[in-house]
Each structure stands twice: as C-alpha cells, then as structure tokens.
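Only one chain is included here, represented as structure tokens and corresponding to the form predicted on its own.
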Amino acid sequence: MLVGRTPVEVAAEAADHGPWSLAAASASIGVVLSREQHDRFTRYRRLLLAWNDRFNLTAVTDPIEVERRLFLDALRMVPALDDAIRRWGSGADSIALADVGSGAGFPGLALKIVRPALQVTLIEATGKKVAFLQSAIEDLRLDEAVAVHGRAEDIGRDPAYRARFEMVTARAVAALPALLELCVPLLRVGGRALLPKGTDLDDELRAGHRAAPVLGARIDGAVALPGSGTRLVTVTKTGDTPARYPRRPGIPAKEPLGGTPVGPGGRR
C-alpha cells in the first residue's frame, strides 16, 4: 500500500484514466495497489494475451475482462488471505502458499503480485501452462515463486510438498470433495485453504462437509465475495491426512469422498 493514499483517493485518481480501472476497482474493495503492483498486473495481462495467441491458456481474451474477471476476482480474496496470515500468527514473509491447478496463474500468481512476501508454489499438470508460469515469474521479477509441473495427486504424496504449506488455493479445478483431497494433504496442520467456487454450491458443500473430516480438515464457511458471482470456501486442516490420500490421479474426481460426482461449480 502506498503511504498517504487512501482507497478513495486511489479510486478517484484511477477513474480519471477511463471507465474501467483495475486500480479503482481494487481500491473499492479495500485493496490498494502500489504503482509497481499495478505495472506488474499490466505486464501480466500483456504476457497472458500474447501467449494466448499461441496456446489456449484462458477463454478470457478481452483485456478489460482479463482485469475484471481474472485479476479482480483474485484480488477479492486478499482480505481472506490477510486474515489467514494473521491467524497463523506470523507475517507474509514466512507463509508458503501452494496454488493447485494454477493454469495461467489464478489466483496464485495474482496474489503473489499483491502480497510479494508470500512464498508461492504454482502446481500445474499441463506443460505449456507451466512454461507460461515460468516465463511470467521471470518477466515480472517475482522472487520466492516457482512453477511445478505435475498432477496434484502425485505432488500431494511427494515428501517435498506434502504438509509443507501454510496456505493452499485452487480455482475451477474440481468439485469440492475432490478439491479437498487434492489440497488438504499439502497443508500443515493449522493451515488454511481458500477455494473460490461458483454460487450454486449447496450440493458440493454437503458432500464437502462429509469428505473434510476423512482428510483431517473442516470446512469453516463459504462466503460470497463482494461484487462477484464467487463464493470463497475456507477450510482448516485440523489433523494429519491419512497416508492413503490423495489417491492416484483421476480417482478423487471419479470416486469423490463424501458422495457422488458433481459439477465443478467454478470457472477459469
């Protein structure tokens, strides 16, 4: 945050530059971007759209919609992110965050830009997307960020990553029961998952509440994010995850814990 500038002042300044401004929209939800952070988001958008001409990274191709639907949706998570950091009892510089199924970097890379002290690991199974993430990390000069090529089911069983993170995020990856099986094994006991989902979530939540205790976790809530069609599911890891989870690739989605398969309830 820039010293001496309030969210209202930033919003007013940014509004002078056109009908839509990421800085103004972000400031309106209490997340004030520094000029350096705003410049990084601009470079990120340009890099994403340039790569998207060659690879299918995202269906969102309008520059303003990239900022509105991808960047701003991630920024809406920042208050919950900051709350989780405070609850952990330490600063962001000691928080390791894993982003499962990171795709083009949402929300993990966007959260890294706005909270640069986070140690961020972007987990992605598709090689071309990993290449993009590595290029973005280098181009944006983001320290303490790395892209890892692999399936979350395999990464979650790897001792280098299992139970190593204070926080986990994932966007539009799977239905909630499967998503819990992919994310919870990565968390340290006491760690928290922040999982943005769609609004039509009741069936997933019921199954998720049954699945979470099996994995050593509990679902704390599912709160609508302001100005969006997203509900943010928060999950706390309460105990060790049994060694048999996550199961082998594909099984968490085909045979979900807590009930029958349901739709993903999200979108990229």
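Being a predicted model, the structure only gives us computed values, none of them experimental. A residue's number is simply how far along the shown sequence it sits, counting from 1.
Heads up, the form predicted in complex with a small molecule isn't pictured, but that's what we're talking about next.
J.: Just one stretch in 156 to 164, 78 to 86, 187 to 195, 98 to 106 has heavy atoms within 4.5 Å of the small molecule in the predicted complex, so which one is it?
T.: Of the stretches listed, the one contacting the partner is 98 to 106.
J.: Can you pick out, from 182, 113, 74, 118, the residue that has a heavy atom within 4.5 Å of the small molecule in the predicted complex?
T.: Of the listed residues, the single hit is 182.
J.: Is it the case that residue 173, even though its partner is missing from this view, gets within 4.5 Å of the small molecule in the predicted complex, heavy atoms only?
T.: Looking in the predicted complex, residue contacts with the small molecule include residue 173, since a heavy atom lies within 4.5 Å.
J.: I'd like to check something about residue 125: if you look in the predicted complex, is any of its heavy atoms closer than or equal to 4.5 Å to a heavy atom of the small molecule?
T.: Output for residue 125 is yes: heavy atoms within 4.5 Å of the small molecule.
J.: Decide whether residue 152 counts as a contact residue for the small molecule in the predicted complex under a heavy atom distance cut-off of 4.5 Å.
T.: Although the small molecule is absent here, residue 152 would touch it in the predicted complex, with heavy atoms inside 4.5 Å.
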